[in-house]
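Okay, so we've got the same protein chain twice, two forms, each given alone as structure tokens, structure 1 and structure 2.
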Structure 1
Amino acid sequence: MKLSLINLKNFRNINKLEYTPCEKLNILSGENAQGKTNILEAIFALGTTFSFRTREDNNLVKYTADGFSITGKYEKENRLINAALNFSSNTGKIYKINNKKTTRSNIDRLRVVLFTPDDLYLIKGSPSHRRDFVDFILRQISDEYVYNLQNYAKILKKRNLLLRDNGVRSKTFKIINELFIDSAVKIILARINFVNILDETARQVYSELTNERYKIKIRYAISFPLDNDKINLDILTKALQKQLINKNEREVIRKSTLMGPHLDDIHVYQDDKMARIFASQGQQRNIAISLKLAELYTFKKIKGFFPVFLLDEVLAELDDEKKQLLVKHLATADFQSFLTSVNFGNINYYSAKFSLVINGHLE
């Protein structure tokens, strides 16, 4: 998947902008608050219909306007696709692909993987950060996963409400429990399958990006014990059923669901030691970058094509050697990437397309 053109109008600090990127690495440079991240944000929104910095669409509108427009062209599996995202305070948000009104679940939508400075804390951050990391890419890979995740959230909310209202002995709670188990195990199995592929890919990427002897390993951590080393839907179902019975009294006391995919984690190891505890801060950053790149390659293995890679101000946290290794990887990869940075230092950016952003304009 390659973005060939994007047009912005009244988006953030951008009055009007037309950008024609190259098929490999595209570098957006400039001082802070000039609009580099706004361009990445627009590309992200064109594929997802929302921003990665705010959920309020009004915040994306240039202060002198009453709406914004993002249009783009991209190639997906040798087909040229047009997409448009328009918003105004009067008509709301309208998303179109090939001139037809649609939703963000459209199979021809632009797929993206995003890396922001917050992702540098992917390793040492909370489990919810790592769950979000897996969920975001699985949402782009599988519409079935989107449905299961949304369904699980609704069932979990109802189950917790019954626990708070002392309704665990009701027929409703029994039905909700069955639905909860069915939904939970589907999400867990999808995540495990994805993490297994991610693990294999991340090892190769980490070795290339760091030139270090360390090896990394990724494992999915379920929030309840299993009696079997093998994992399938039946085994997960029986294990969760058993643990819900065992934890029933505790859940009644806590008035909350104490197990399930909303409490699972993804454990990352460096040389068989937990990376969030034993890896240095620099090593944790390198692992985080490797995971994001592995996300791209795993997507390709599953879907057959690459998403577009967006990297916002990542180089500032890396030393010159790691900067050079990352830029080299991006410049020679088969996927398209967009990288923003205030200062690149003395590194070779190869054949990347270099653009300077000044006050919402490309120079």
Structure 2
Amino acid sequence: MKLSLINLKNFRNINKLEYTPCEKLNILSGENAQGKTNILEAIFALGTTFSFRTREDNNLVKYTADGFSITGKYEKENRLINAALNFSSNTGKIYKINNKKTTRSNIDRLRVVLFTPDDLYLIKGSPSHRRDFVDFILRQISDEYVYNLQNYAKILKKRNLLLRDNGVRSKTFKIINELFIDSAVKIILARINFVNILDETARQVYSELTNERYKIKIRYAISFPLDNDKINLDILTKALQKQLINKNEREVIRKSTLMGPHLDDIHVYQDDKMARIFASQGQQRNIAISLKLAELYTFKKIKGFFPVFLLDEVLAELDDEKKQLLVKHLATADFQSFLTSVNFGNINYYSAKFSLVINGHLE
């Protein structure tokens, strides 16, 4: 996907703005509070209908106006698509693709992958950040995964209720437990298959971003032991069944489910050491960027086209060499990316479109 034009009206601090990015790397530079991130936010909203900074649409409207408008044109697999997101406090939000009213699950919507400074938590944060990262992509890729995840949440809740209410010996628990195992192993298997693809791509990307100095490895960490090296639906099912019987007493005492995909983790290693503990801040940031880039390549592998990559203030915390390598990767990649930054220092731009943002205008 390549965004070729975006028009903004009364969006955040922007009165009126027309932006024609190039097909590769686009750099939005400027002082603080000039509107760099607002442009990224608008691109994100054009593809998802909401902002990554606020859930309140009114906050996106310029304070003198009563609504905003974002329109854009982009290419998807050699077709030109136009999209529009209009909001006013009277009519609410109206989303159109190719001039037809639609919803945010339209298959022709602009797909985006976003990297913000908060994504550092992908490495050093709690396991739930990493599960969410994997779930977010799998949700875009497979409806069946979404269905299994929804079912799993309901079954888990019910299972915990039964553990709380001393219902372990009931018929209901027996059946809920069977369904729990069924949906748990489906989710685990989908995640493992996905993490394997992610591992391969992230390894290449990270090696490039560190001048081949470091290697990363990504492994799915199941919250219960397996006594087999091979993994398939049958082996997982048997292992989970066995462990649930073993841990039954503990679950009853703790009154909650002690294993399953809701407790699994994704382990990231740098040179065989756990990145969460042993990698430096800068390295962790670089690994997080590599995971996001790997997300893009994995998406392409499965869906056949690239999303647009949005990077908000990532350069600030990288040293000069890491900056150079990242900008080089983005400038020469097959996908389109947008990067905001206050200061570029002495970066070589390769072939990037450079735009200066001053007080809601492009120079």
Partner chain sequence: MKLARPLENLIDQLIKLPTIGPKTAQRLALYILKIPEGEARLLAQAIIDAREKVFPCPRCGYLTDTDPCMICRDVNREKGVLCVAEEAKDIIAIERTGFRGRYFVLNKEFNLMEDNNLEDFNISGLRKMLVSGEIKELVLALNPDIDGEVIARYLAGIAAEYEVKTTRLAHGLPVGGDIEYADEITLRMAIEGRKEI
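None of the values given here were measured: they were computed from a predicted structure. In this text, rigid core is short for the largest set of C-alphas that superpose within 1.5 Å between two forms. When a residue number appears, read it as a position in the sequence of structure 1, where counting begins at 1.
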| said: Of the two forms I pasted, which one is the form predicted on its own: 1 or 2? | reply: 1
| said: Would residue 292 count as moving between structure 1 and structure 2, using a Cα shift of 2 angstroms or more after superposing the core as the test? | reply: no
| Rigid core superposed: residue 161 CA moves 2 Å or more between structure 1 and structure 2 | yes
| query | By the 2 angstroms cut-off, has the C-alpha of residue 110 moved between structure 1 and structure 2 once the rigid core is superposed? | reply | no
| task | Enter the rigid core superposed C-alpha shift of residue 238 between structure 1 and structure 2, rounded to one decimal in Å. | result | 6.2
| request: Determine, in Å, the CA shift of residue 262 between structure 1 and structure 2 after the rigid core is used for superposition. | output: 3.9
